[in-house]
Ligand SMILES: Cc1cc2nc3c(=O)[nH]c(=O)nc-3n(C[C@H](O)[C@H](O)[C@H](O)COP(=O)(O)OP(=O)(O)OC[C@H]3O[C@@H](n4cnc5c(N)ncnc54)[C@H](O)[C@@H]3O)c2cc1C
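Shown next as structure tokens: one chain only, the form predicted alone.
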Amino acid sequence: MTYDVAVIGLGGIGSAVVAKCAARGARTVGLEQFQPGHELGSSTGKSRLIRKAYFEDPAYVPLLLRAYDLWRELERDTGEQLLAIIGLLMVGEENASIIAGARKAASAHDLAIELLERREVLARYPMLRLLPKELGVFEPDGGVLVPERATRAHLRIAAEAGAELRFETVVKRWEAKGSGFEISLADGSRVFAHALVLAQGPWLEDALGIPLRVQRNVQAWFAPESASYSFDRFPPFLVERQNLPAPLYGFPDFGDGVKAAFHAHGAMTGIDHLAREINRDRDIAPIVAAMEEWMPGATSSLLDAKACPYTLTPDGHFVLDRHPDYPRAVLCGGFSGHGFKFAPVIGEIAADLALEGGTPHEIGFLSHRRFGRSNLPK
């Protein structure tokens, strides 16, 4: 059978792409090497931050505003609660990247944030420990997404729109042929599609053609000593301090414990060599030490931990672009540990590029061309 579009990878991003393509009436096939809801990629972990005052670059903000709308649309279409707006607290010195960057993005796009002096943060959250020069930025529109539930919701929308979803289907290679692409599968069969979207997460490393790095990041869940850190009393947080190896982020207790991790910190590896085992001394002790200096009593006992792969580009920004040699092949990758919140708008953009040849969204800053020609496969 010939399809209008084939999507390789059905994790958090690929599920959104296949849903958006199928919803437009395109004959769509999604190909995934693992089972639905597998834990091996980057679209798990029970919670993901979403925020508008994007310290990484104000250019992301218009995409975020659209993403918020699309998450709410997905909730309406599926009846699932995916997004909880409970605010976000960012703490650091005035020149810290998360503080200065969030203020810059908020100013550029007229976003609502609250600037809090140290005493105001402590008045609101007296259980915290702030250093003398630290201040806070509170974003009331910040919140939490449930990644596993969101991925399932996109896959459901895709299936209901007629997409063919093939799991435990390994793609060996793809090549341009005629008016589209021939995709060879491990079982010896082939799929033909007029357009192709590559959304393989850390498994995109070879296909993307830029020097991606896979980083092992450890997330941990803890039982707190009291209810002070429950979601109805305390928001998600980001903390940047000079004595930390990377910004510390985390979530209040939604019933699974307080979650915490260092953002973009960990050993570089390959996805096939990622160490899944957790070492308490190496992986957990630094998180506990940082948390106890910030949120005393939040890490009374370890409940769970897992290693999550970050797929990092050289500059930490995404790649969302058409292949320079094959305009109907769309590259979606390098989400660098902060891409999941964008999933529905990335799905929309990828569908635009694959089916229409262009998109009204401003994505020039995410072009692979910023890295030069590199060695994209031909």
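Sequential numbering from 1, following the sequence displayed. A quick note: this is a predicted structure, and the numbers were derived from the prediction, not measured.
From this point on, the text means the form predicted in complex with this ligand, which you will not see here.
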**Request:** Identify, from the list 312, 49, 61, 70, the residue with a heavy atom within 4.5 Å of this ligand in the model of the complex.
**Result:** 49
**Asked** Any idea which of 351 to 359, 364 to 372, 21 to 29, 7 to 15 reaches within 4.5 Å of this ligand in the model of the complex, heavy atoms considered?
**Response** 7 to 15
**Message:** Residues 55, 108 and 254 are flagged as a possible site; in the model of the complex, is every one of them within 4.5 Å of this ligand by some non-hydrogen atom?
**Reply:** no
**Request:** Spell out, yes or no, whether the shortest heavy atom distance between residue 328 and this ligand in the model of the complex is within 4.5 Å.
**Result:** no
**Message:** My question is simply whether residue 66 lines the interface with this ligand in the model of the complex - judged by any non-hydrogen atom within 4.5 Å.
**Reply:** no
**Contact test in the model of the complex: residue 200 vs this ligand, heavy atoms, 4.5 Å** = yes
**Message:** Against this ligand in the model of the complex, would residue 170 count as a contact residue? Criterion: heavy atoms within 4.5 Å.
**Reply:** yes
**Prompt:** Who in 19 to 43 is close to this ligand in the model of the complex, meaning a heavy atom within 4.5 Å?
**Reply:** 31, 32, 33, 34, 38, 41, 42, 43
